[in-house]
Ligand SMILES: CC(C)(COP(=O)(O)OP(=O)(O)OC[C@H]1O[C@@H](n2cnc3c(N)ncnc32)[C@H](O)[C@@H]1OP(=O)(O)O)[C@@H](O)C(=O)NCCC(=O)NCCSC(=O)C[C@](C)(O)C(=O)O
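This document starts with one chain, in the form predicted alone, laid out as structure tokens.
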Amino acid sequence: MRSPKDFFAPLAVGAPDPVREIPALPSRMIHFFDPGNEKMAAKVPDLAKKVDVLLGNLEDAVRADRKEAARAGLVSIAKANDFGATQLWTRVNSLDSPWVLDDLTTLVTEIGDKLDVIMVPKVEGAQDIHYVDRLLAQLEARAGLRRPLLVHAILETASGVANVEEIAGASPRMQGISLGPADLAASRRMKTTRVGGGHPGYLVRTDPVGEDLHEGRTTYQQDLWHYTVARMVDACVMHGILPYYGPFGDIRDVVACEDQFRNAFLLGCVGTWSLHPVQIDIAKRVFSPDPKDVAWARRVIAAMGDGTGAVMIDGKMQDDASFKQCRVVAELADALAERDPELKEAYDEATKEVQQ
């Protein structure tokens, strides 16, 4: 068994030291693009100004005969662009595929200094992360990288859900975990063909009134992913990494997309995937705290001082627990405000109104 003292030691001679704390950079939307698609590649410079994370996708949605072109395209895009404060991620092919070894070898050695995070699909247990961890250290040493690449796992198999706690704590490289609802639904044999979101057949019904079992009984559609997202959030928070919702496949249904994103936000997710430009603004809006909530949080923090004791504000009791809740909102708002001048202005204006 490996000693805990060795957990933060490099796994290869010459590799950079592992990070001890995952940077909480804004990552409200992880925007996917196909780097082998010339039209999409041409839009990268403009997209980089609009999103928190750009992800060059090499796995699903890239045909088998286009895998090498997508990989080469990502290398070219990374070398040709300055992404500024926008993070550059990639999703490599699954660990059981014939492409993943070339994905990792090529990307780390050629553009490892540009990449921030490597997303690994279909992670089933800590053993998958351990394999990637050691290989990345060897490649980082070969490439002479000065900072370690981080790893993001996708939760899309029943085994992955069952082992989510050990996955979250498998390596100092672990940056976060995303829900992968489509593959997870198939793995669980769930009877849905939707990519994320609810299902009209998954519902609860009010009790009958009188003898008629059908008349007047209201139904409420439920969230198929509530349990999995909540468990994923707990595992991530336990190990100091970040939880994300994954894809919402019905691009046209922007209302249901926003509802699903907000459910994830309220449960503790810090961001989501965007598969189409129309989802970028939805993710930005949902995963940025409302200015009124930020103003209230700042007011409570100011009134609580050192965070101990209890105070009454507008007839509502605030104590150390609500103080901690308000710090979560306020600290996220401060981080986003540093990147987004419009948000900063909205947050500051709302705060002034509350103080008057």
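The first residue of the sequence shown is number 1, and the count goes up from there. Keep in mind the model is a prediction, meaning the values are calculated, not measured.
One more form of this protein exists, namely the form predicted together with the named molecule; it is left out here, but the text below deals with it.
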Heavy atom of H226 within 4.5 Å of the named molecule in the predicted bound form: no
In the predicted bound form, F261 touching the named molecule (heavy atom, 4.5 Å): no
is_contact(G268, the named molecule) in the predicted bound form, heavy atom dist at most 4.5 Å: no
Interface membership of G112, the named molecule in the predicted bound form, 4.5 Å heavy atom rule: no
Which of 326-334, 312-320, 299-307, 30-38 sits within 4.5 Å of the named molecule in the predicted bound form, heavy atom basis: 30-38
Contact test, all of A61, G180 and H276, partner the named molecule in the predicted bound form, heavy atom 4.5 Å: yes
One residue of K43, K50, K292, R66 in contact with the named molecule, assessed in the predicted bound form (non-hydrogen atom, 4.5 angstroms): K43
Among the candidates G73, P247, G198, P172, the residue which, in the predicted bound form, approaches the named molecule to within 4.5 Å (heavy atoms): P247
